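First, one chain by itself in structure tokens, the form predicted on its own.
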Amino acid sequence: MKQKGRLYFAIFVVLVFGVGWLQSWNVAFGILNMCLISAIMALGVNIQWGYAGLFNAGIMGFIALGGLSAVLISAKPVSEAWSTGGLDILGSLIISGMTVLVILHVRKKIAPPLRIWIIIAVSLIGYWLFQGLYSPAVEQIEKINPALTGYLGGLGLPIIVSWLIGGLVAAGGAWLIGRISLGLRADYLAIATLGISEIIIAIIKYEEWLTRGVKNVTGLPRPVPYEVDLIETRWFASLAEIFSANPVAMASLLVKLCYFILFLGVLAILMWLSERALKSPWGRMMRAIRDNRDAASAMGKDVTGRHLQTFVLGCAVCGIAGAMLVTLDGQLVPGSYAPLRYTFLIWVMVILGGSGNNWGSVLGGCIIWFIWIQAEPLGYALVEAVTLPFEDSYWLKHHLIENAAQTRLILMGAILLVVMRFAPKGLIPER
């Protein structure tokens, strides 16, 4: 990383310290934790776009798969739901998988005139058997205490395990999607990934037996202590007395500091692996494919296979970030997955930082999230200052103050335009 990059990171650290000094250290560390998660998301997108030139417009779906993994791994199993319809759900999923395998076998072994009719027959039989088990089971599961459960739950394991599982689940989904769509042209690939992402979100949002849908899954376990438990311990009470601090605020700060250490450790590991990959012969090959696909193919490189590798790796990193995000929130809110937040904003981070440069992606993730959060209070302050001469009852003043939060959207668009015009390679360009 060059001197200019170190300067940018130093400015970001100063800004965070300014928030802590002027607003609250709890606010500062809350922003910092989300900056680290955003940096990991941007790093995953940079692996796809910066290494191989793959335009993934469905980032949101893979982040959601990571969040879903956090629920399936850490939530407590609902024994009544499993006894009522859990086995039928598993049976229906096995039937659907076997149906797909039979169809694939028929496509390879049966000649065209007869093949289509056999595929139709297998599909109809498989669908009939699937629905016979699936629909009654779902209805029974969702009736079980819907205010609190109404779903199967998870495995009850430590939630930190879901970070790795979330990456693996997202990687598996990416492999399946990549096998289908990576042969498409860049614009068609973007459309395909966007559509598949929306399908993933729809499943998470409306399959209540799996995620409770819009009722949300709350109360997920933490990998760090709870504030209430800290306040009740003697050593913490003594520490709060030494610093003459409010125990509640100090407990919240200590929890955020624990999250910060965990998230920073994950980011450091991913950065080390990404840098090693980028500087290896594999990384040089990926950049050669990105810069001239036809020439690389003529040299004997398996372009589609290497693209699939990169696509899977990038989605795995996004899945890890998605599981970390749900861990930090302590809940899964399917309705919160919006393309603006989990696709467009991540792309702005990569473009601002510098595509093809891992340090640039981390910097872009930190800066854009910091601006995204601080734009709202600054927008209110700016609007109030501008409308100060007006009377409180004036309609324009009321309208501007009511919509001050939308200044963050204007600011993001302005940042993207300025960067594309004056620094198209980002703040820390690729070397």
Partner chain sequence: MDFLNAIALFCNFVLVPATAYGAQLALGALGITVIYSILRFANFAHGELMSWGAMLTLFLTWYLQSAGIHAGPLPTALLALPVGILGTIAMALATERIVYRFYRKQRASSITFAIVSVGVMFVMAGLIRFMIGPGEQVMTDGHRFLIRAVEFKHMTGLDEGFAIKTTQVITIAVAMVMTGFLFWFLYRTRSGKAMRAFSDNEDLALLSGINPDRIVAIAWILAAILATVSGTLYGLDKSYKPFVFMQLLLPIFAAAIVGGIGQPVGAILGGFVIAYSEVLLTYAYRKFLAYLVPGDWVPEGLLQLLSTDYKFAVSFIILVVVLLIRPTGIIRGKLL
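Remember, predicted model here, so these are calculated numbers, not experimental data. Note that the rigid core is defined as the largest set of C-alphas that superpose within 1.5 Å between two forms. Positions refer to the first chain, counted from 1.
Note that the form predicted together with its partner chain isn't included here; everything after this is about it.
Contact check for F370: every heavy atom lies farther than 4.5 Å from its partner chain in the predicted bound form. Taking the partner from elsewhere, V19 is found to have every heavy atom lying beyond 4.5 Å of its partner chain in the predicted bound form.
In the predicted bound form, its partner chain lies farther than 4.5 Å from every heavy atom of D229. Looking at P77, you'd find every heavy atom of it more than 4.5 angstroms from its partner chain in the predicted bound form. Annotated contacts: A192, Y206 and W347 all touch its partner chain in the predicted bound form [non-hydrogen atom within 4.5 angstroms].
Residue heavy atoms within 4.5 Å of its partner chain in the predicted bound form occur in exactly one stretch of 271-279, 176-184, 141-149, 91-99, and that stretch is 176-184. Proximity to its partner chain in the predicted bound form, taken as a non-hydrogen atom within 4.5 angstroms, holds for one residue of A237, A249, L340, L155, which is L340. In the predicted bound form, its partner chain lies beyond 4.5 angstroms of every heavy atom of every residue of 13-27. Relative to the superposed core, V383 shifts its CA atom by 2 Å or more between the shown form and the other one. Core-aligned CA deviation for M34 between the shown form and the other one: less than 2 Å. The two forms, fitted on the rigid core, differ between the shown form and the other one by 2 Å or more at the CA of I401.
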